[in-house]
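Next up: a single chain in structure tokens, the form predicted on its own.
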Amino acid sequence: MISGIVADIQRASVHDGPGIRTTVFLKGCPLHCAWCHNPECIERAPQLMYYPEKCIGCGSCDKGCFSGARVICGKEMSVEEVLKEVLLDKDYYGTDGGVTFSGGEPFMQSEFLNALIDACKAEGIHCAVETSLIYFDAEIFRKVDLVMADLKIWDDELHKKYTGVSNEKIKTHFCQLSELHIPVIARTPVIPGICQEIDKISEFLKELSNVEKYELLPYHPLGGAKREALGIEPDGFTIPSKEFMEELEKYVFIRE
């Protein structure tokens, strides 16, 4: 029985691909993006998250936390257990929705991911994957209906500085996806204070015929509470202004 470590399953999501979706967050990621809003998904192993503001001082930690102050993020689940959760939303997917496998980096659990996709496709469910594109598995990519991938920073040295990895493989994998004619929604998180050369990213993506859309995602601080719960220092970044985002809108595109 194939199993993997799941951080969370969010039902009725409208932010992880088209339509209404079930998003399955898999733990584990080789990138360590300085602004990561899912820091609980970086480590593959289950982790304790502590929210002191929820603690009621009951003294029963050894029996399990009843207030939600101590949470274990990460649960081993089988393909069948995940599929059971996904199928709860199937009637709401319509023609556009489906399941999205996210993380973390879902390809870190490639055997589990592959089996999950097979199980969902057997049920006629649209499958999308959110990935950093640091890995490339053509067998899996050929099965999915949509890929959502980031090109975070154009300059390789800056990419290494802020994510811990080179972006050369990522750029190559974008091109390989184009050769496979797999639909892609490309995105760049906009992080004030970092020179991301979004104009160059946009031009690069326009040359790839399979990139259906290029989006800019403004930094948000939603990962702050989770970083604190994990005992990680604040990332120190700020939300970009509305005016700054409007200046960058000329670089986004939707392919006709």
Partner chain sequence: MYSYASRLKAMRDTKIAHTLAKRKQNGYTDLDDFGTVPISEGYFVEPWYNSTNGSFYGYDGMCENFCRVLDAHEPYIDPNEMLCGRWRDMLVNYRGDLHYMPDWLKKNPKTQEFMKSATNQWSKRWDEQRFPYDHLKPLQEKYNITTGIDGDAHFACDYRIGFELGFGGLLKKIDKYRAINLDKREFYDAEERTVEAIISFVQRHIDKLETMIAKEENRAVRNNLIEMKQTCENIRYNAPSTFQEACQWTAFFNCASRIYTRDGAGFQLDGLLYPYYERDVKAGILDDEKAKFLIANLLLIDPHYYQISGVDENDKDMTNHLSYLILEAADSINIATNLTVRVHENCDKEFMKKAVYYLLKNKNGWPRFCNDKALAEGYMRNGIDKKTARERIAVGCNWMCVPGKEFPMNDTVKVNVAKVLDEALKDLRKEEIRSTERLFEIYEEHLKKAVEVTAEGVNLHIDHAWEVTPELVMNLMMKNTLERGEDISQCAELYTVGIDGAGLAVVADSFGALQTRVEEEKLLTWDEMYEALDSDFADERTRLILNSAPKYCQGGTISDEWAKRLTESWVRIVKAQSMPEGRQFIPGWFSWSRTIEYGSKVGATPNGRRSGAPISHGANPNPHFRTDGAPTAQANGIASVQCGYGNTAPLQIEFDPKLAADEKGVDTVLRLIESHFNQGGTLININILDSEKLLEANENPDLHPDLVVRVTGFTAYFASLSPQFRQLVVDRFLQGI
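Positions refer to the first chain, counted from 1. Everything numeric in this text was worked out from a predicted model, so none of it was measured.
Below: the form predicted in complex with its partner chain, not depicted.
Only one listed stretch (36 to 44, 202 to 210, 63 to 71, 226 to 234) carries heavy atoms within 4.5 Å of its partner chain in the predicted complex, and that stretch is 63 to 71. Proximity to its partner chain in the predicted complex, defined as a heavy atom within 4.5 Å, holds among F136, Y162, Y93, W154 only for Y93. Shown alone here, L48 lies farther than 4.5 Å from its partner chain in the predicted complex, counting heavy atoms only. Interface residue remark: M245 is not counted as part of the site for its partner chain in the predicted complex, having no heavy atom within 4.5 Å. Though the partner is left out of this view, P240 does not reach within 4.5 Å of its partner chain in the predicted complex, counting heavy atoms only. Though the partner is left out of this view, D89 does reach within 4.5 Å of its partner chain in the predicted complex, counting heavy atoms only.
Residues of 182 to 210 that come within 4.5 Å of its partner chain in the predicted complex, judged by any heavy atom, do not exist; none qualify.
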